[in-house]
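One chain follows as structure tokens, the form predicted on its own.
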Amino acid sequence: MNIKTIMVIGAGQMGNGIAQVAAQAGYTVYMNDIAQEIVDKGVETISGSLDRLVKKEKITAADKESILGRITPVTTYDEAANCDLAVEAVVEKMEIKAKIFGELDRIAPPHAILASNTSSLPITGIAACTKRPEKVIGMHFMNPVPVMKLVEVINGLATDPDVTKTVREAAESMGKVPVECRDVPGFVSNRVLMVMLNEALWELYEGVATAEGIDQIMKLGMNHPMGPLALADLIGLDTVLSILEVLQDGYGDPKYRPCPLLKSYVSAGWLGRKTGRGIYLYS
């Protein structure tokens, strides 16, 4: 398969990052979201990210304009009819993803691959919402997308090996390193990571140390570039909670039980960097 045109569904922090790296790799990109102001904000974020690359002399000002010129913001799925690959990057809610994949399946051409950036939900279940389960795959980028090298490639029960090969090649063309794994709750990355983040939240909840202390211990003692609590804020506490709930439901293991403090923060709307307040305050 030859991927030339990519549609990204979701213009938030993951979606606009995926749109950026795809456009930088030379693909024609449609970036979709439910409202014009959201996709406009996504384009603004991409522009700012590219400005930083220009300042670091990694790209030129002309390169920036070319990259932005390959991204078309849209608010409908109509352009899926022109796409070879669609990458969904919306909230971790199965009912929302199911609806999106049903629409993409109806509109996209028969050869098109439908990928999800889900961080924990079953690819096989998402594929069952379409009439092309062999062309559905997980393509899990890491946050922040323009910086992080990994793409976790998750094969559903019916995923065609040729689809996997094509997605791996597309990820590599974007400067990423694709690594395959089985379709289990949380896959590899979040099955390991969420236990650590949740345990750090439990330690904060129990008063073992301050948030700063917990993060500093993990940074200095374990050589982590970012402490677990700061990372939870970056990911979004609502996303962390959603993934833990998927893991708890999928495995039935109490080690995935979300910390009550996490639930309280999410109930309060303190979701992390994106709301200006989470475990830490952000100006």
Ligand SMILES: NC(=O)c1ccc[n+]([C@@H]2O[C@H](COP(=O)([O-])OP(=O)(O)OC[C@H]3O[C@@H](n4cnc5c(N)ncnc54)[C@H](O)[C@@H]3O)[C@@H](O)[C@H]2O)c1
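Only a predicted model underlies this, so the values are computations on that prediction, with no experimental measurement involved. Each residue number is its position in the shown sequence, starting from 1.
Beyond what is shown, the protein has a form predicted together with this ligand; the following relates to that form.
Note on the interface: of 156 to 164, 173 to 181, 112 to 120, 79 to 87, the segment with non-hydrogen atoms within 4.5 angstroms of this ligand in the predicted complex is 112 to 120.
Checked against this ligand in the predicted complex, the residues L197, L204, I100, C129 give one hit for a heavy atom within 4.5 Å, which is I100. Proximity to this ligand in the predicted complex, defined as a heavy atom within 4.5 Å, holds among I46, I235, V29, L229 only for I235.
In the predicted complex, none of the heavy atoms of A22 sits within 4.5 Å of a heavy atom of this ligand. In the predicted complex, no heavy atom of D215 sits within 4.5 Å of this ligand.
At the 4.5 Å threshold, heavy atoms of V91 reach this ligand in the predicted complex. In the predicted complex, this ligand lies within 4.5 Å of some heavy atom of K274. In the predicted complex, the residues of 124 to 149 lying within 4.5 Å of this ligand by at least one heavy atom are, in order, H140, F141, N143.
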